Each structure stands twice: as structure tokens, then as C-alpha cells.
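Just the one chain here, the form predicted on its own, laid out as C-alpha cells.
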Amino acid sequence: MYIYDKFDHTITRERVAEFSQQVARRLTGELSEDQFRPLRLMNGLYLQLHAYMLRVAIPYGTLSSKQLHMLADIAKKYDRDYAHFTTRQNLQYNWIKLDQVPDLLADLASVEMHANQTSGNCIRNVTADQFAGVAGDEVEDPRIISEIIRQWSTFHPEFLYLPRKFKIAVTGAPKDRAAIQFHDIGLQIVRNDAGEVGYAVYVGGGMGRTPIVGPLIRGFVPKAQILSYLEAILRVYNRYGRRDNIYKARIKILVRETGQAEFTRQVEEEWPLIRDTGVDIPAGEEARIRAFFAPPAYETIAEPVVAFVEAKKKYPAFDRWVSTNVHPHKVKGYGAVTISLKPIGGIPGDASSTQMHAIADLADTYSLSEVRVTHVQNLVLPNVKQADLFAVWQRLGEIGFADANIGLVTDIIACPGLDYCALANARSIPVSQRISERFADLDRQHTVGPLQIKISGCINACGHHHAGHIGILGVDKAGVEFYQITLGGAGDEKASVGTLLGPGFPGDQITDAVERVVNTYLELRSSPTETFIEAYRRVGAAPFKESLYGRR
């Protein structure tokens, strides 16, 4: 993984010192809250319903075990002994005291971490496929270009005050595990007809009150020219993006209102003005960064791994966990383990300091000291030998994270909602807990098969409900929480926005409504192998509407 150089260390150290002075001025009253707000947001610090919340950047979702140990220590020292992993591969602390923030940031800096640009109208944390570097289907490791973009975009003088926040995601494979079409810019690493590696570029995707699947504006940008092309996109956005209306300020609105063809024309017109100005990364620098992501020294493992095969035969629960939670690895004899942070009745994405320490220890012992954060609020041990999977499963069981539910109905995404967020209209966490409890039976979950439920507590869609096979949106109706259901959303390479079925349900009825949707799917699917999203796309919304609302 990437190791800080002197520039990274200097930037992080100086930012901590600068913000420490700003916090001190706020505490003495020299700065009002209105004056302090833009300063704290530049450092990832939000003022939520009950306390300050700090969002920590985890670039492209990659953590060392040392960093995870520090995140656990911070949770215990500065928070209420837990942390929350988010849908953008970040981590949040929800109960932070302002006077302790400088010390917390200094602790982060000691392990090459920070909260820079996790808020504000700037380029946010660059995200990528959680299986980067170990997936057998990728064209190239997306962490390399993600790190290059991180360095290019950090404190970029032109792009620190954009019309609105800006998010970039990268996938290295045809199978999109990074939801690139729901980002301001999405990059897919591809090969052209000549076999050269480059990038397909999607622009103008997003969720929130105006969910849009981003269109492809260029099918191939050569590797050597990607930064100048990104800069051209951002210059067009910076020039023409709305600054007079926060609801129309995202690039998705600019692309939609300008038109895909005209927006593309403007970018292509801007690009030649930038290409020869030294923006693009020199070949030597690309090679230097690539070296940080060189494959580790994997062992040569004979097939089959007898102990692994025997353990699956002896322990059906382990066999089931392997089938859902272990992703194929490009190296024979290894697997990538997804750790479910969704125990039945738990809070999606939450982990205690004890659990985080245990996972960091597992990474040291079994996964070459590396951990990944996923887009669906889980963690990954990317390099586990098959012979060690049983031991990993046993240890995860001891800390409550051995649920064999990855991609199933209880692997729910939920934003913090009204329990924490000042913007929320309704609670998300209790809804997710009740749904997971309703579908707690693992046999039933596996009968239902792949199904993504995503819950947001407001229209800002931090729970990505628009991209859920079943999406749930909390709304406020005269002080009462109601929940609308959308169906048919997806955040993969066949990205789609879910369709609203009808009026919302009160909180005490939404679990029953979700169960009716699932039961309707089971009744109408063409075979046990037809997934929920496949069945929905075949039959449409009508039978689900009828099951929820009756004939109208």
C-alpha cells in the first residue's frame, strides 16, 4: 500500500497545526460558529444532532493493520468505543468533543491518516473496488490511479471551492464493484482495440433528490493523459456549475441541463488547452506509485487444500460462510474474505474498538497486514490462504462478525438517520434492525438469494436507497416518520435508479411491507436461480404494487 512521502507528511502535519489554532480560537469565542463552520468542514468535522462528527478519509478503502489499530484506539479514547464505516469507504466518529479534535487528528497523522477534504465543496475521498489488486477479472489495479488522483486533487488550488462537493470512483474490472455511474466522475479501466490500457469516463452521476445514472462521455482516454482530461471536466464544471442554488449545484445537473453531447463538446474543447501544460503525471512518477501496489510475496499453494476441503465437509455453517463471504482470488490457494458488519439486529457498519483490534490482529496473522473497507459498510481481508479460512471464521464468530450474509437480505446499508444526523427526516437504523431480525433465519436468507436493501433517512440518500434492489426512504409527514419503497435500483455495471412504488408506510408497517415484496418475488420468480433484480426487470413493478396496495 502507499506510504507517505515528505510532502504528505508535511501537508498533514501543517494542516493539524493550522486547525489546532482554529479550534482554540473557536473555544475562546474569537471565532463564531458561522466563522468556524467552513474551517471545520475543510477538516471533515460536522456538527450533528448531539455532538461533533469527524469523518476520516480511507483512500480507496485501503487500511494497514497498524492504521486499523489506531482507529480502534481513537474510538475508545475520543468516542464511545465504536466507529462507523460508511458507504464511501470512510470512517466516522459520532461523539467527538471539540477540544479533543486536534489531539485526535495528531493521532491520525501518526499513522498516515487524516480528515482532509472529507467535507466541503472539493474533491472528496477517491473510492475504488474493495477487491482491487486481488480480483482475477480486473484489467489493472485501480488503486494506482486512485492514489495518483488523490495526490493531484489534494489542495488543488482550482478545485478547493467548487460549486458543490465532488466524488470520483474507479473500477478496474468490467464488473463494477465501485458504483462508478453514481459518481460525479466514474472511471473504468479498459483496453482499446490495440490492447492499450486507458479509461472509460462517466460524468454526472449521483443520488440525492435528483438521482441520475452518469452517462459515458468518452470511451477511451489514454493512461498518460487522464489527469488532463479530469482537469478539463472540472474546469468546465467550475466555470458553468450553478453556485446560486445548492440543489442544482452538482455536476449531474450541469450535464443534464447542458446535454450530454454539448457537455462532452465543451470538455473536448478544453482538453487540448491543458494537455501540454505539465498536468499529466510523468511516467517515472506513475512507476514509483505503481511500486507501492506491487503484489505481495504469495506462497505457492498446491491444489486442493485438503484441510480447507475437509473443514467445509465437517462444518456446514463454515461451508455456507465460504459460499457467501469469500471472494475468488487471482492467486490459487487464496481468498478475499468479506467480514459482515451486519450481525442480526446490529447497526450496519458499526464496530467496537475491541472488534476493530481483533480484525487488525487477523489481518496481521492471516492477510499480510491489510484490510479493505467496502461500499456497503463491510470490511475485507484481501489475502487469506484457504488453509487459514477456518481459523478466520472461528475468530470472527468470537467477535460477532461471522454472519454468512454478504449480498443477502440482511446485508443492509443504512445511513445514521435521525439518530445522529441533523439533516435526516426519519430513522434508518431501527428500520434496518427490524428487517434483519425479521429475516434472521439463515436458511430463509439463502432461499431468497442475492438482494440488496438500502435505507436513507432523508432525500440526500447517504444510504444509497436509489441504487437498492429494494430502496427505503424515510420522510416526514406532519411530524410522523413514513417510509417510501423503491424497487429495481442497482449500483453495478447495469446501474439503474429504483422506481417509487407508491405512498409511504408508517414505521410500524415498513417491515411487513418489505416482507410482502420479498414474498411476492419468491412467488413470481421463474426459477430458484432467478435473482430479485432479474425477476423485477422481467415482470416490472405491477405485481409488487398490487401486493402492497391492492388493485387500483
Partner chain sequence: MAVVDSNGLIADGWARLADDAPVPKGGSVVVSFARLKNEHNSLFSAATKVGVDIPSDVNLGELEPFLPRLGVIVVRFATMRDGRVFSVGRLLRERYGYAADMRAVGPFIPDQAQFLLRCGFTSFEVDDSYPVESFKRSARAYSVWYQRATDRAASVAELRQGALDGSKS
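Computed from a predicted structure; not experimentally measured. Positions refer to the first chain, counted from 1.
Omitted from view is the form predicted together with its partner chain, to which the following refers.
**Student:** Looking at its partner chain in the predicted bound form, do all three of 190, 293 and 298 come within 4.5 Å of it through at least one heavy atom?
**Tutor:** No: none of 190, 293 and 298 comes within 4.5 Å of its partner chain in the predicted bound form.
**Student:** Quick check on residue 154: any heavy atom within 4.5 Å of its partner chain in the predicted bound form?
**Tutor:** Yes, contact at 4.5 Å.
**Student:** How about residue 247: is it within 4.5 Å of its partner chain in the predicted bound form, going by heavy atoms?
**Tutor:** Heavy-atom contact with its partner chain at 4.5 Å: absent for residue 247.
**Student:** Does residue 506 make contact with its partner chain in the predicted bound form, using a 4.5 Å heavy atom cut-off?
**Tutor:** Close contact is absent here: in the predicted bound form, residue 506 is far from its partner chain, nothing within 4.5 Å, heavy atoms only.
**Student:** Does residue 222 reach its partner chain in the predicted bound form if we count a contact as any heavy atom within 4.5 Å?
**Tutor:** Residue 222 lies outside the contact set for its partner chain.
**Student:** Using a 4.5 Å heavy atom cut-off, indicate which stretch of 513-521, 496-504, 28-36, 59-67 touches its partner chain in the predicted bound form.
**Tutor:** In the other structure, the partner sits against 28-36.
**Student:** Using a 4.5 Å heavy atom cut-off, which residue among 174, 328, 282, 345 comes into contact with its partner chain in the predicted bound form?
**Tutor:** Only one option qualifies, and that one is 282.
**Student:** Under a 4.5 angstroms heavy atom criterion, identify the one residue in 288, 77, 209, 313 near its partner chain in the predicted bound form.
**Tutor:** So the residue touching its partner chain in the predicted bound form, by this definition, is 288.
**Student:** Only counting heavy atoms and a 4.5 Å limit, does any residue of 226-254 reach its partner chain in the predicted bound form, and if so which ones?
**Tutor:** Stretch hits, in order: 231, 235, 238, 239, 243.
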